[in-house]
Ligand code: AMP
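Heads up, the chain below is alone and in the form predicted alone; it's given as structure tokens.
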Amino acid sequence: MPTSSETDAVLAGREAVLTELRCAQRLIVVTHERPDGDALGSLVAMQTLLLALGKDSLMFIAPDELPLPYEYRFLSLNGLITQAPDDLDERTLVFLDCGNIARNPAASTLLSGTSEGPILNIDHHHDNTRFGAHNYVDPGSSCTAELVWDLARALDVELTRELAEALYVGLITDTGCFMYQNTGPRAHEMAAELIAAGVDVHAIYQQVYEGVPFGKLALLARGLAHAERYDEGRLTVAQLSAEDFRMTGAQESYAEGVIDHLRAVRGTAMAALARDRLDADGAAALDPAGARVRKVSLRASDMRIDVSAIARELGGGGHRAAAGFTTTLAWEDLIAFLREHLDAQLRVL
């Protein structure tokens, strides 16, 4: 449970962000790199909200993030830009679902333009660094989309079907269709209101979770074939190489969801999926020293485990039950790192 001071900080941040959104006339909205459903749903919802208020608002997505993963391409990208605008210094920057600005290349691109406008930071990650001039950061919310929904209500913005669909995408993807531990009563209240506004639950589910390309199925098969278990099954891990992506014709985003199968294995306390980052030619990305770069996703099956603390050890972050980081550790060293830190957490429980 949050302390009274933490609750006061959330409420103060909320009021400050609301004031800025009411007063600002020119804005730009952005989210984190490799955006997931909550990031994109929140981004599109905030842009839709601001346009409904009559604001001059732009939505920034870095060019290498486009096209979006197939499951999110139905979302409207009104006001999309892929480069910093000439009038950046006159715009308020609104960051959504972004826990740490230093790990966001898109943010770095914008800030290199020396924007003089205030930064609004709207997020629900508990390890958010509060980098904004005003921070509406509520770790008790199920998703960032829930915070955008709250702001829309406070600003008396009509809940159109377009806005409701974007919010619903953020809600269902970050709650695992209301199955994750972060799902609370307010998430269901939000869902009810969005459905009443016209969201077709089955159609959105089909769009996001079905219509799977065969390459994604083939990649899942290869990931499961690489699964390994350590320490009496408490750690379940798998890796996906650039070769796996090449052989299946899969895009990097197709790796989404593989880790959920690892987490579901009986006896697993923590699951990890390490996948090669790919360069423009589809080969394994290398750092300047020639080391292979891997993106590692972590999930906790034992809710006493805080995987975000493990991710932060290597410059990453996230939630207690879902986090990630990027590393150049060799596979054997990565396994040793994960085993050591999982054991350290289990020993203090």
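As the structure is a prediction and not an experimental result, all values here were calculated from the model. All residue numbers are counted from 1 along the displayed sequence.
Just so you know, the form predicted in complex with the named molecule exists too; it's not on screen, but the next bit is about it.
Specify the contacting stretch among 289-297, 23-31, 48-56, 65-73, defined as having any heavy atom within 4.5 Å of the named molecule in the predicted complex. Contact-bearing stretch, as computed: 289-297.
Using heavy atoms and a 4.5 Å cut-off, decide whether L11, G132 and N135 all contact the named molecule in the predicted complex. Not a single listed residue reaches the named molecule in the predicted complex, so no.
F337: heavy atom within 4.5 Å of the named molecule in the predicted complex? So F337 does not count as contacting the named molecule.
G316: heavy atom within 4.5 Å of the named molecule in the predicted complex? Contact check for G316: yes, within 4.5 Å of the named molecule in the predicted complex.
Could you confirm whether N182 comes within 4.5 Å of the named molecule in the predicted complex, counting heavy atoms only? Judged by the heavy-atom cut-off of 4.5 Å, N182 is well away from the named molecule in the predicted complex.
Spell out, yes or no, whether the shortest heavy atom distance between A322 and the named molecule in the predicted complex is within 4.5 Å. Yes - in the predicted complex, heavy atoms of A322 and the named molecule come within 4.5 Å of each other.
Looking at R234, R263, R222, H125 here, can you tell me which has any non-hydrogen atom within 4.5 angstroms of the named molecule in the predicted complex? Of the candidates R234, R263, R222, H125, H125 is the one lying within 4.5 Å of the named molecule in the predicted complex.
Heavy atom within 4.5 Å of the named molecule in the predicted complex: which of N100, S241, T248, Q207? The residue in contact is N100.
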